[in-house]
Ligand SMILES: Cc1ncc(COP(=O)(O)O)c(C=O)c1O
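Shown next as structure tokens: one chain only, the form predicted on its own.
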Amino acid sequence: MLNIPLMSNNITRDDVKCLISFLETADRFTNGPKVREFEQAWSRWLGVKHSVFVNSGASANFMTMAGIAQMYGKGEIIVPTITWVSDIASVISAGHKPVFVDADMRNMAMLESQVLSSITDDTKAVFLTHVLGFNGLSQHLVDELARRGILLIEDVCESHGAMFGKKKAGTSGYTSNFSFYYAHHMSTIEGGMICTDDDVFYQMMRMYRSHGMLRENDDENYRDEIQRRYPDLNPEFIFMVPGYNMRSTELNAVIGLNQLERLDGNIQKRRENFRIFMDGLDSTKYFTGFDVEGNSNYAFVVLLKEKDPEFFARLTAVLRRENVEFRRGTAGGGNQLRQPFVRKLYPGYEPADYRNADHIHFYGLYTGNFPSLDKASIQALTKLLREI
């Protein structure tokens, strides 16, 4: 058997040693100076002005959508059909209306033509997901959204280090979200990051992270103005927005700082693995027309070129027999319009109308790609796929 898991444990012994050393000497474990240090290091690595460390990528989504509603009002948010559930749930929870568009087979992100044709006077933002390590942006889309005054929000949870031209994914929009979950490019066990160049949005996210408290805002002039406006309130307990407790801890930040040192090397290994995988696929059976430029591959995509339920059933049976772990439907389980909560809330959408997303849903899956995966295992996997 091939015995290929989705992910090897990327919390190394060196990470554990750093954490033990911190535990033996530190006197503060909740959100503090190590969190700030990690935020600053991440901002330098990504190339943005501000970062806010939170307890998950999903929390980053929820805070971002709440912040958009607070600053710009509620409205329509254009969202992918292929994405993680929290992207859709965060839009709904913030009181926005999701507007779904189909996937682009080349990168499984949003079809640009549908994004642009879906913009209305009520559109507040486009919430684009960079899926499984692929870049989902084009310069035309970025320019058009800027020209029309539409915010671009980037979900980069699965695509750390993916490149859009000479820029990293997550630096072209108004704000971007990352996840440091166990299986992602780097891990803080649980954790996420909100990244932006906008000073006001950054301060808003700092308040949202900690119950909406004014004291979390770094802008001293703003704090003084609010305190003068509300003299009846204790300055330590002024709540400016209906925030959450989505703080992370010093412990998670220590792991993040250590992991960040090897992130670039691990991304390069993932890219090399993906090239080996794509070179070994049979393009008559599997879709190989991906736009791989600048990818930071998260997982190997196995997508049938044509609809063939019987072949897909054989494929999944062989992978199970060989103990090759996989997830059907790729990111988020496939077409989000088929999920019960979406069908209940938005019955007007017909999932089958979103043909690319539905093809990915029924005839796509992904298997594990991680830095310690060896070339021989990848070649054995592609040989297996060719022989089905």
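The first residue of the shown sequence is 1; numbering continues from there. Fair warning: this is a prediction, and the values are worked out from it, not measured in the lab.
What comes next is about the form predicted in complex with the named molecule, which does not appear here.
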* Only one of 155 to 163, 248 to 256, 114 to 122, 226 to 234 gets a heavy atom within 4.5 Å of the named molecule in the predicted complex; which is it? -> 155 to 163
* Please state whether every one of the three residues 104, 138 and 290 places a non-hydrogen atom within 4.5 angstroms of the named molecule in the predicted complex. => no
* Which of 174, 274, 84, 286 has a heavy atom within 4.5 Å of the named molecule in the predicted complex? -> 84
* Answer with one of 58, 35, 319, 46: the residue that has a non-hydrogen atom within 4.5 Å of the named molecule in the predicted complex. => 58
* To do: Give a yes or no for residue 170: in the predicted complex, does one of its heavy atoms lie within 4.5 Å of a heavy atom belonging to the named molecule?
  => no
* Asked: Is residue 96 close enough to the named molecule in the predicted complex to count, meaning some heavy atom within 4.5 Å?
  -> no
* Asked: Hey, in the predicted complex, is residue 202 touching the named molecule, heavy atoms inside 4.5 Å?
  -> no
* Is residue 179 one of the residues lying within 4.5 Å of the named molecule in the predicted complex, judged by heavy atom distances? -> yes
* From first to last in sequence, which residues of 181 to 215 have any non-hydrogen atom within 4.5 angstroms of the named molecule in the predicted complex? -> 181, 184, 191
